[in-house]
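The chain that follows stands alone, in the form predicted on its own, written as structure tokens.
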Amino acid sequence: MTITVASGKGGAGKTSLAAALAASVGSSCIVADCDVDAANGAIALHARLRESGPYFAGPGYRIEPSLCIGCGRCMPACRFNAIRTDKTRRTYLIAEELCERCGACTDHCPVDAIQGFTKEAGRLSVSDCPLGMTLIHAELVPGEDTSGKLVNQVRRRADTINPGNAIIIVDAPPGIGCPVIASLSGADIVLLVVDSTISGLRDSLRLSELAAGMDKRIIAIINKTGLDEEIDNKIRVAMTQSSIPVMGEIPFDPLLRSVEEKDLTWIDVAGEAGLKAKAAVRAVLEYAQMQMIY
């Protein structure tokens, strides 16, 4: 059973809720942090690194200084302004953070000084969490555009180490782009975390359209309720009209943020917010259990 926790916007509480779900499941849970541009699952779950390896995105290009004759023909060929003058050597070099790896510059070099190489674009890691669950996570090198491929690697690794009876909790990146689609792939349930704001509602509805187009079962939790009752009601009505079951509502409470600084998750919070967070998490897991039965 795979539950993908997703939101249409950042800051909705997606990672915190994924951590609370994982903490409730315990050692029989595998967490896949697919937000590779800003992976915070290791922080939320207080994970300890077990192993880490390189992720290779494909070919990159560099200019070999010993071969470059300084003719400059490559510079106007680059549409991304990634080629710079190396004033020390009086040759040229490629700024990797700007290079889109199109290879156009290679066609203009008369001495074949521009050479391809396999580029490391991130790290893929496995970590252990205090409650016994395993975390698969990754970090993409800033500026790389292959986040969807790296997300796919995270998902595959989670599936590989799954003993067969584990629940996989996927923390998806925000939005509706390619990495989100890769995160939703293979999900049995999509848990939509709806931030109780107008933008949260709008972005969540866009995400629900994407998930519905992928024939996914969609459920929702409304987060940060109680700040504006009118907006809360609009979200409830929108979820009903979209036939998306709401598993619970979690009120805005600073305690929910403060516990994360103390190596705890939302299910460890006392008071009304903690009770509603526990109830919402329990409802999601009970729903998932019913889906496994039927």
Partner chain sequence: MKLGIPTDDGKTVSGIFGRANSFAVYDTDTAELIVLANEGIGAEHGAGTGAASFLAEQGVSKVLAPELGPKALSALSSAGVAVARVEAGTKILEVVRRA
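Model, not experiment: these values are computed from the prediction. Here, rigid core means the biggest group of C-alpha atoms that superpose within 1.5 Å across both forms. Numbering follows the first chain given and starts at 1.
Separately, the form predicted in complex with its partner chain exists; it is not shown, and the next lines address it.
**Q** State yes or no: in the model of the complex, is some non-hydrogen atom of residue 98 no more than 4.5 angstroms from a non-hydrogen atom of its partner chain?
**A** Heavy-atom contact with its partner chain at 4.5 Å: absent for residue 98.
**Q** Quick one: does residue 213 come within 4.5 Å of its partner chain in the model of the complex, counting heavy atoms only?
**A** Yes, residue 213 lies within 4.5 Å of its partner chain in the model of the complex.
**Q** Does residue 147 reach its partner chain in the model of the complex, with heavy atoms at most 4.5 Å apart?
**A** The answer is yes: residue 147 has a heavy atom within 4.5 Å of its partner chain.
**Q** Is residue 238 a contact residue for its partner chain in the model of the complex, using a 4.5 Å heavy atom cut-off?
**A** Looking in the model of the complex, residue contacts with its partner chain do not include residue 238, since no heavy atom lies within 4.5 Å.
**Q** Based on heavy atom distances of at most 4.5 Å to its partner chain in the model of the complex, which listed stretch, 123 to 131, 104 to 112, 176 to 184, 80 to 88, is the contact stretch?
**A** Of the options, only 176 to 184 has residues within 4.5 Å of the partner.
**Q** Among 246, 264, 57, 255, which has at least one heavy atom within 4.5 Å of its partner chain in the model of the complex?
**A** None of the other options qualify; the answer is 57.
**Q** Of 64 to 92, which residues get within 4.5 Å of its partner chain in the model of the complex if you count heavy atoms?
**A** Going through 64 to 92 in order - heavy atoms within 4.5 Å of its partner chain in the model of the complex - there are no hits.
**Q** Once the core is superposed between the shown form and the other one, does residue 55 show a C-alpha displacement of at least 2 Å?
**A** No.
**Q** How about residue 99 - superposed on the rigid core, does its CA move between the shown form and the other one by 2 Å or more?
**A** Yes, shifts by 2 Å or more.
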